[in-house]
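Shown below, as structure tokens, is a lone chain in the form predicted on its own; questions about how it binds or moves come after it.
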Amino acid sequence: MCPEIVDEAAQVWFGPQHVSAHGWATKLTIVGDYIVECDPNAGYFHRSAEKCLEFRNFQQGALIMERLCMLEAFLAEYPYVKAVEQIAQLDVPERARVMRTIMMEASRIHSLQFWWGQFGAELGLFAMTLWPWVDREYFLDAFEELTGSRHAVSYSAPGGVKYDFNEKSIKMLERALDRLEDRLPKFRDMILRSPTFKLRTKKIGLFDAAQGLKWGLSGPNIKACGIPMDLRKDDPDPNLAYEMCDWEVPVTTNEDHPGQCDAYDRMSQRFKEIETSASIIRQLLPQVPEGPIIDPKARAKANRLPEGEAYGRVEGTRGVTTLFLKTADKAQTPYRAKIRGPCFASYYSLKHLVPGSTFADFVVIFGSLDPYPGWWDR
């Protein structure tokens, strides 16, 4: 680099065309190899999901929600379904509660497998990309057997679920878990003990819990700071079945910087998330009771809703995912829907998190937060 331009600031657009930008556009101001300013820009992935919800009936709305993040479709659709159940005052059968919970945790595992592979590609660790993507196919096979679809599952419905477990779908889910539990320790050893991975992630994107909470982070990104903040424990949902199993909120502690987390910690935390989800599924599968899978009055009650407001939320793969729903009397569609996805906060935290880092580390920091554009460009 010529000496006369070393200290000149340059503006570089990272995305939306860059494969690691996930459809987002982030304007970086750099001096030499270092980023001095980060300006995240929303709107390049916008699909007007909130407005679309206002033109769909209460049976169709969940389909819009799951398409915001098909990697965690079983989780993504739930806040909408929960809000409708609150306004319609629907009861959820015990069998549906347990099956919902099982499939939501399977969806969490699948989503983390996808992220982990994608993160490996962004760091240039290609084996780390292919191996979990092969394993996630086993979960997708189980999803297809149960719902007929591998991604847009359309499983939960107001008052219960649409599809019942059968012997084959249970066996396929157990096979996916068997493979996961056999290979996960090998993957953990391969990645977390890798000198290359440590060099790329240790002390990169470091922030503390107070900063994370101020920025609105949740999920693995805040639990990696040692904060056991999880809706599944903090505010148990009566329409789910987490109280039927024994589990603890996984957290990660940075030995060098207690109360803080870096990109390495966020990877380590997501391994713990996968193990916790697998344990929950293993405990719930033998407890699935007999009985109906949906409230018999659900279709009639959810056809026209009374006037009301409701707030549905779930501990998603990437953090707390919520939806506010407002209805008019005898309405067939919502009057207003407002989505709060976890990735809006994680994306805009880059404004504070990135300056001072090298340009090469931007992809590491960006990817370690597990962002997904549909959750805020909605």
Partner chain sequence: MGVGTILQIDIVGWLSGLPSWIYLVISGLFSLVWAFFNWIWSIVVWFWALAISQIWWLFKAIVFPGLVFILFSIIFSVWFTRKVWGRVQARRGPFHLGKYGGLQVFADAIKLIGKEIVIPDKAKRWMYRILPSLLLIAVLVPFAFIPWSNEWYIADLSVSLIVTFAFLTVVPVVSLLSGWISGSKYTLIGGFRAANNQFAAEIPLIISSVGPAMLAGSLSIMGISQAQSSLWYFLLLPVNCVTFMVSATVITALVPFDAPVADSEILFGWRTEFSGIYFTMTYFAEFAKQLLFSGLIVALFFGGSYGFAFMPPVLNFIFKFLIVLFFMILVTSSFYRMRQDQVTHFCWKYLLPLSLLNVVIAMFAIVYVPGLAQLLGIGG
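Numbering follows the first chain given and starts at 1. Given the structure is predicted, the values throughout are model-derived calculations rather than measurements.
Although not depicted, the form predicted together with the partner chain is the subject of the following passage.
The closest heavy atom approach of F197 to the partner chain in the predicted bound form falls within 4.5 Å. A residue is said to contact a partner when one of its heavy atoms sits within 4.5 Å of a partner heavy atom; W115 fails this definition for the partner chain in the predicted bound form, lying far away.
The partner chain in the predicted bound form comes within 4.5 Å of a heavy atom belonging to G120. Interface residue remark: I30 is counted as part of the site for the partner chain in the predicted bound form, having a heavy atom within 4.5 Å. In short, of 233 to 241, 187 to 195, 93 to 101, 298 to 306 it is 187 to 195 that has heavy atoms within 4.5 Å of the partner chain in the predicted bound form. Contact here is defined as any heavy atom lying within 4.5 Å of the partner chain in the predicted bound form, and by that definition not a single one of A88, Y163 and I170 is a contact residue. In the predicted bound form, the residues of 351 to 372 lying within 4.5 Å of the partner chain by at least one heavy atom are, in order, T358, F359, A360, D361, V363.
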